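The data below hold one chain only, encoded as structure tokens and taken in the form predicted alone.
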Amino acid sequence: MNCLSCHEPIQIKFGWNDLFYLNDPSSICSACSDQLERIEGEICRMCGRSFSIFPEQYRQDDCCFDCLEWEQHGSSITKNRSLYQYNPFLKEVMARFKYRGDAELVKLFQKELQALVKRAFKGTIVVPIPLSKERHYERGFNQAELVAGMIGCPYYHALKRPVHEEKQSKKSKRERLEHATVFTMNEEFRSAIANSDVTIVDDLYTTGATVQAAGKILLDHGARTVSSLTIARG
């Protein structure tokens, strides 16, 4: 088997468990895996940002200043948890995944996504962030839906994105916050969302504007709580 990232052969050390197919084959080699910077240790209780790389003066107790500001304006998200720091290696992987059509790369994250869901999102309903029709046609797939598919449980298209906007990656932080993405509710799933704990799934958390906007719609339509899960934390 070759690594999905670098395409070099993966060196597998066989053990007794492999004889009985108890170990899942890996889709990433150790050299590429070592370049993924896992978020571990002390984190912001809301956005999941690692405090190991965050200046002490921009936090208050267990919460960063960005999240304290969200709380002052009425945060719709109980918590966000992300697998990795958005470092240069992961930026390149995500660019190939989102913008160059290499959808298979999502499989790199499957095992750790499933472990994170078991650890932090048990019993929640999964909702991927939608794309506009125009963006979906342009890209050929919705990256958030592919991420949700890796989790291994049903997910609901409870949100719609009727407005076609400039790509989030081309906006400044201020523009993202001032022009929060507009979502609408997919009425087909209103009853499923009502009184449920919901986990929004996306590929990247940066300012939090996207998941905050999506979370507000879900809360307005009866969700008990809304959290978010992303591959990367920018």
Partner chain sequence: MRFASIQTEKGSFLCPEPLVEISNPSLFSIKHSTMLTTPSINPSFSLDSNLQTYLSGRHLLIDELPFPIDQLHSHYLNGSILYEKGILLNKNRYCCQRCGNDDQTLFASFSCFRCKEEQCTYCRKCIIMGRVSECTPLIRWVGPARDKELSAGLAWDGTLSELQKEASQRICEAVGEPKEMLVWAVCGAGKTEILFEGIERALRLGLRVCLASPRTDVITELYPRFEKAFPKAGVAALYGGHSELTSPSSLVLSTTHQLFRFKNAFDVIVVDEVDAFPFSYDRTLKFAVDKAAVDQSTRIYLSATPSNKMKQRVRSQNLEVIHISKRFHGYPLPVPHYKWCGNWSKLLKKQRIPSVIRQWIKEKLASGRQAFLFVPTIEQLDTVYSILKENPEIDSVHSSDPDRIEKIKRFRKGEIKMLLTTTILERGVTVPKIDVGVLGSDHDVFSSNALVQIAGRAGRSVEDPYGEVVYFHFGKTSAMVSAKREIQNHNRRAGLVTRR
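Not measured: the values here are computed from a predicted model. Residue numbers count along the first chain shown, from 1.
One more form of this protein exists, namely the form predicted together with the partner chain; it is left out here, but the text below deals with it.
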The partner chain in the predicted bound form: contacting segment from 67-75, 114-122, 83-91, 101-109, heavy atom within 4.5 Å: 101-109
The partner chain contact at Lys160 in the predicted bound form, heavy atom, 4.5 Å: no
4.5 angstroms heavy atom contact with the partner chain in the predicted bound form for Gly140: yes
Any residue of 118-137 that, in the predicted bound form, places a heavy atom within 4.5 Å of the partner chain: Lys133, His136, Tyr137
